[in-house]
Structures are given as C-alpha cells and as structure tokens.
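The chain below stands alone and is given as structure tokens, in the form predicted on its own.
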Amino acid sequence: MIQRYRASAGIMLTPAVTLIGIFILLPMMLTVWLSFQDWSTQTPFSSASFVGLDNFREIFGASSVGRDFKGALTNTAIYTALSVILILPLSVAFGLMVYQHDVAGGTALRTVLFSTYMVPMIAVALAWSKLYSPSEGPLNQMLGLIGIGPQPFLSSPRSALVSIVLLNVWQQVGYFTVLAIAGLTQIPGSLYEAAKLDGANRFEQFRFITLPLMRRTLLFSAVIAIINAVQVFEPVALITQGGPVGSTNVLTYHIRRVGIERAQGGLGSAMAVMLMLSLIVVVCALFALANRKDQE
C-alpha cells in the first residue's frame, strides 16, 4: 500500500519537479558556473574559459566595475529597506481598516487595494512617470496650488530612488494587505473580548494581542517584500535608466547592462550570484531572528 502511494506521488510530482529543474535549478547552476568563467554573451558557452575568482575580485575591487557594482548594491539595499519599512506598516493599517466590522466600505476598500497589485508594473511605471512630470504632472500641479514650485522627483539624485520606492509601495501594498487580513482572521476574537473586560483600549489590544500573534504573518510578508524589492527592474528601465548620476542604478538593471549590453557574461553572472547570496543571507537572518524571539 505504501509503495503504491509513493509511486503515485512520484508520478504526480514528476511534471512539477521537471519544470522546476529546467526553468529554475538549471539556470541557477548555469549562472554559478558562468560566474567563474570569462565569457561573452555574444559567443557560445563552449568559448568560456575558467578564471576562478577573478570576476568576484573585479566586482569588489577599486576599478570602475567595482565602484559601479557596489553603488548598485547600495541602491538595491536602500530601495529594499525603504520598501519593506513602508509596505509592512501600511499593510497592517489597511488590514485593520478592512477587517474591522465597524468600518463602512471594508469590502470595497479591499477590492480597491488589491486591484493595484493586478496592474502590470510596466503600466504602473508609465502612469507614475506622468504623475511625476515636472511640467504637466498632477503631483506638481497640486503642489503649485499651495505655493510649492515644481519638484524634480525623477531628475534629482536625492529624490529619484525614493520616487521609485513610492511607486513600488503603491503597487504592492494591496497584496500585503490581503496577507495581513489573513493573519488577522487567525486571531481568536475571544482574546479581544477578554482584553476589553480587563479594560484594555484599542492601542493596548493592538500592542499586546494583534502584533505578537501576527509575527509569523509579518515575517512571511517581510520575506516576500524583500524578494520582490530586490527584483525591481521595470520602473528603472522605463523611467530613469539608472539615473540621474546612477542614483537608481539597482543591481537587476546593472546586471542587465553588464551582461547583455556590454556582453560581459562572466561579470554579470558573478553579480547575479552575489545578489542571490545576499538575499539568502538576509532571509536566513530574518528567520533566525524570528526563531530567537519565539524561544524568548
């Protein structure tokens, strides 16, 4: 009986495992292999020559390649941190608004919030580029009504990356609001009733009941938000092309420039490997921190 169950399970899993192996594991292994090679994307794989750790030394060196890579890595870290810091509190706040039964229009608000996530990022980037326009953009026009001059949202190195972050938050917050609502539904209502009987106000209920019991949901949301943030590409490619002065040159866009436009496949692969390793380290650190909090 057990053997028949294992055989049927293996048959059902085979298609999924095959697709994962072909489209995920194989490209990852190929990227790791190419990171140790001197290879141009304009030549076949057979022309690659082994150079050991030279690609990694170059991207962390003092040359222009190293400076550009470290700048892109820093921009990616800032973009990711700002996105997570904004998305998580907003998703919890919107989730509470939708979940509370005494708030009118909760269902409509949930639909509106999640609909932003359904809009393709390309369309979002193009729409927000018009909103940020210094001459005809609605944002600058509204600022002009209160006496504030046109703001260089995308043309200033100080504000360009933050402007891209706000675009991402607008598009992503609906999805994470749904996750927050899912976490809220798992909290027993009896806990809130007991807290009310003890005289706890809404802030105390949120601090001592909601937040602790949503820890796992917030951990999952943080991991997904980080993964989504480090993959940002469309807004940068369509709106800023990494500028001004490299202030929005994130790693995914920089890897594309190095690996495809400059045909330096080995260097691009090494940068992709470092991005993957950085993501793994951050996610593992989050899980370790969460487990440590649970043990305490």
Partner chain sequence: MSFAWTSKLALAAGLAILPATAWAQSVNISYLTHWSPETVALLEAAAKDYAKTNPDVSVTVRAVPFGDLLTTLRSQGGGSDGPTIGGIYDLWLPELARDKLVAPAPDAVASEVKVSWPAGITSAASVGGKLYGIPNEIDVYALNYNKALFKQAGIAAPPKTWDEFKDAAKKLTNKEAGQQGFGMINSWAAGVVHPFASLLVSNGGELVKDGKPVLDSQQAAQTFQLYEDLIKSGASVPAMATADANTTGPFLDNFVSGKTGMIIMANWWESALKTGMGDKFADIATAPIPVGPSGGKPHSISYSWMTVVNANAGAAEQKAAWEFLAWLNNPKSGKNGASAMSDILMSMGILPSRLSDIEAHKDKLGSEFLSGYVSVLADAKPFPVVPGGQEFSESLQQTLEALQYGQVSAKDAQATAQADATSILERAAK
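Positions refer to the first chain, counted from 1. Worth saying up front: this structure is predicted, and the values here are computed from it rather than measured.
As for the form predicted in complex with the partner chain, it is not shown, yet the points below apply to it.
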Would you please decide whether residue 57 lies within 4.5 angstroms of the partner chain in the predicted bound form, comparing each non-hydrogen atom pair?
-> no
Contact test in the predicted bound form: residue 47 vs the partner chain, heavy atoms, 4.5 Å | no
Can you check whether residue 263 is within 4.5 Å of the partner chain in the predicted bound form, heavy atom basis?
-> yes
So, in the predicted bound form, is residue 71 in contact with the partner chain at a 4.5 angstroms heavy atom limit?
-> no
All of 40, 239 and 246 with a heavy atom within 4.5 Å of the partner chain in the predicted bound form | yes
